[in-house]
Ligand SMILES: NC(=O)c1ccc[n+]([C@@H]2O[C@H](COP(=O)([O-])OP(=O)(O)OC[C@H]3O[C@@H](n4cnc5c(N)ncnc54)[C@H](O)[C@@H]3O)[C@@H](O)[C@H]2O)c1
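Below sits a lone chain in structure tokens, taken as the form predicted on its own.
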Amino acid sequence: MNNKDIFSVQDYIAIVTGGMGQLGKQFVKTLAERGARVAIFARHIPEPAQICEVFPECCKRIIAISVDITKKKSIQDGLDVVLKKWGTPHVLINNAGLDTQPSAPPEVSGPFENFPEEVFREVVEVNLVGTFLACQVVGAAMAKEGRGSIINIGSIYGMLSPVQDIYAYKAEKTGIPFVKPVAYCASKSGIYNLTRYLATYWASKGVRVNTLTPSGVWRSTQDPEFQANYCARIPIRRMAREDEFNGAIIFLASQASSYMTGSNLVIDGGWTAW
């Protein structure tokens, strides 16, 4: 392969969990627009017409499969559809996850001492166990084929503790405090050593496993106070646009990162530099 082709994902087969989420849609779009065939794994899948509405330029290269990533059999059933239609995936992006926004009700965003055990278990089940199961099922097929790239989506709140002062405005504004919950942070933290474990486990099988760590992404529905406080903590002084991780996805999916495994690619506007 010559240098001009090292970022190519033409004719790759990719699976993106949570592919209809804010970042998931971007990952699906950037892969499909560059010639990859992409399967969206999600609990609630869109109709084909909706896929063409969301991805008008590349919808013929996208399918959506109903998959519950907390159930191993469901993932295997989804993979079987991909295998039958296209073949063994080259890329798996573990993007599906649960987070708690400042708009969340107080029963799931209060003090650590009162955080519900069932919510903690649910978040860990999706964010960490779901990633483990998807890696187990899809990664095994990749290893059998002797190639593949797994991209686990982390979070700066998996690397560092949240800056709770960012959310203090909620108590001042509404009288109800918001605490960035422990479940998301703990579940995302587990992703990093899962990545390192699998990178060394599958290195001889040609399967690379890396983490991509984004920081906060701007949404129109976010409180302006949250945005201002968050941006003040970022050296670049703004939140990420939803398309600013696409280059990293192509890099990690393609042969451009052929000697990279077990690593964490951080794209956070400088958040973790402070």
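Predicted model, so just to flag it, every value in this text is computed and none were measured. Numbers follow the displayed sequence, beginning with 1.
Quick note: we don't show the form predicted in complex with this ligand, though the next part is all about it.
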**OP:** Answer with one of K205, K60, R43, R238: the residue that has a non-hydrogen atom within 4.5 Å of this ligand in the predicted bound form.
**Re:** R43
Original post:
Exactly one of W86, F132, Y167, Y184 has a non-hydrogen atom within 4.5 Å of this ligand in the predicted bound form; which residue is it?
Top reply: Y184
Subject >> Partner-facing stretch of 134-142, 167-175, 148-156, 102-110, counted where any non-hydrogen atom is within 4.5 angstroms of this ligand in the predicted bound form >> reply: 148-156
Subject >> Touches this ligand in the predicted bound form: V163 (any heavy atom, 4.5 Å) >> reply: no
Original post:
So, in the predicted bound form, is T70 in contact with this ligand at a 4.5 angstroms heavy atom limit?
Top reply: yes
Original post:
Does any heavy atom of T30 come within 4.5 Å of a heavy atom of this ligand in the predicted bound form?
Top reply: no
Original post:
Is V217 close enough to this ligand in the predicted bound form to count, meaning some heavy atom within 4.5 Å?
Top reply: yes
Original post:
Judged by heavy atom distances of 4.5 Å or less, which residues of 97-133 approach this ligand in the predicted bound form?
Top reply: G97, L98, V126
